[in-house]
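Just the one chain here, laid out as structure tokens, in the form predicted on its own.
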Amino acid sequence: MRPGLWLAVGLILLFSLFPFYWAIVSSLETGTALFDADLLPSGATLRNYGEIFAAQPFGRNILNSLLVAGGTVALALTLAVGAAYALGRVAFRGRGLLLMVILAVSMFPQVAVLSGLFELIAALGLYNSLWALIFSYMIFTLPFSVWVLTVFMRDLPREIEEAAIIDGAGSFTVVTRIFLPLMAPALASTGLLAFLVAWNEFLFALTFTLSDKVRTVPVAIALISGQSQYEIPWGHMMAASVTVTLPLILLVLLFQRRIVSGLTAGAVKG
């Protein structure tokens, strides 16, 4: 491998990983040590991690994020699999236009739909509940899921489906018993990306929740405050950020092979 390529890879890794490394270093320091430009923590302590759970219901916030992200993924994938089967395997007039409309929905900025979505959630009686977040997150997770799974569904061999139909299998059986196992890589990659979006979302979580009991971790981190309005507890914020980021890193490392195979499925045909 050329030295120039190694240098480029090193710079990319440094640019990508250094912010997270610095967050870890800052989370292990307190007081004036936070403002020292040391690459290694001086007097490392886990005090910040203990205080973020003692000062506020941060454990409950993490659980809320898990429930919201998990519920969003489950609902999005359930609806997207059915939609992908119809759009990818069933020929009907207007299928291409419908796909364009689904994609166009995800192009609207969150601010543009915030007021209308707020009125809808209030009318349904979902305000200040986890269901409000799950419902609102479907706006940008469902279109993406439908698109990815539709492309993957189109590439599945039709011979498998035809053989199942000849044996008397219906559409539901074909989807659940035959296509779902084959779509495991696409489901893993799509589900993880949808999970990341729901886990990190801030604007809807701030707007549609009011109490600490239903807030998710992005809002909880943003609302961490010091003893006075002029004090910013950087150590607590860094500790909270590291705490909620580590599970995502573990998920990506655990499913990295399925993610890559799912995202590259159908990219090469021959």
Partner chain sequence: MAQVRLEGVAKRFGPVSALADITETMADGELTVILGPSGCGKSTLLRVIAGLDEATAGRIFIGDRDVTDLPPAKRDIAMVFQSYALYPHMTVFDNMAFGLKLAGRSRAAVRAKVEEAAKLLRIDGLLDRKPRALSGGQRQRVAMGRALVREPQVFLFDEPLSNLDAALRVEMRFEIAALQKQLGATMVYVTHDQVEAMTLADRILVMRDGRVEQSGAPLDIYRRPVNRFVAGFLGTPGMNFIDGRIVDRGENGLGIALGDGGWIDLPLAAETRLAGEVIQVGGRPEDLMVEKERDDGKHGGVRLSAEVLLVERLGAETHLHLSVAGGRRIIARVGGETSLRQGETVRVSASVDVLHLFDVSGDRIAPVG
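Numbering follows the first chain given and starts at 1. Quantities reported herein were computed from a predicted structural model and do not represent experimental measurements.
The form predicted together with the partner chain exists for this protein as well; it is not shown, and the discussion that follows is about that form.
A.B. asks: Tell me, out of L187, L126, A164, V151, which residue has a non-hydrogen atom within 4.5 angstroms of the partner chain in the predicted complex.
C.D. replies: Contact check passes for A164.
A.B. asks: Indicate whether the partner chain has at least one heavy atom within 4.5 Å of a heavy atom of A122 in the predicted complex.
C.D. replies: The answer is no: A122 has no heavy atom within 4.5 Å of the partner chain.
A.B. asks: Wondering, does P181 line up within 4.5 Å of the partner chain in the predicted complex on heavy atoms?
C.D. replies: Contact with the partner chain, yes.
A.B. asks: Would G96 sit within 4.5 Å of the partner chain in the predicted complex, counting heavy atoms only?
C.D. replies: Contact with the partner chain, no.
A.B. asks: A74 near the partner chain in the predicted complex, any heavy atom under 4.5 Å?
C.D. replies: Judged by the heavy-atom cut-off of 4.5 Å, A74 is well away from the partner chain in the predicted complex.
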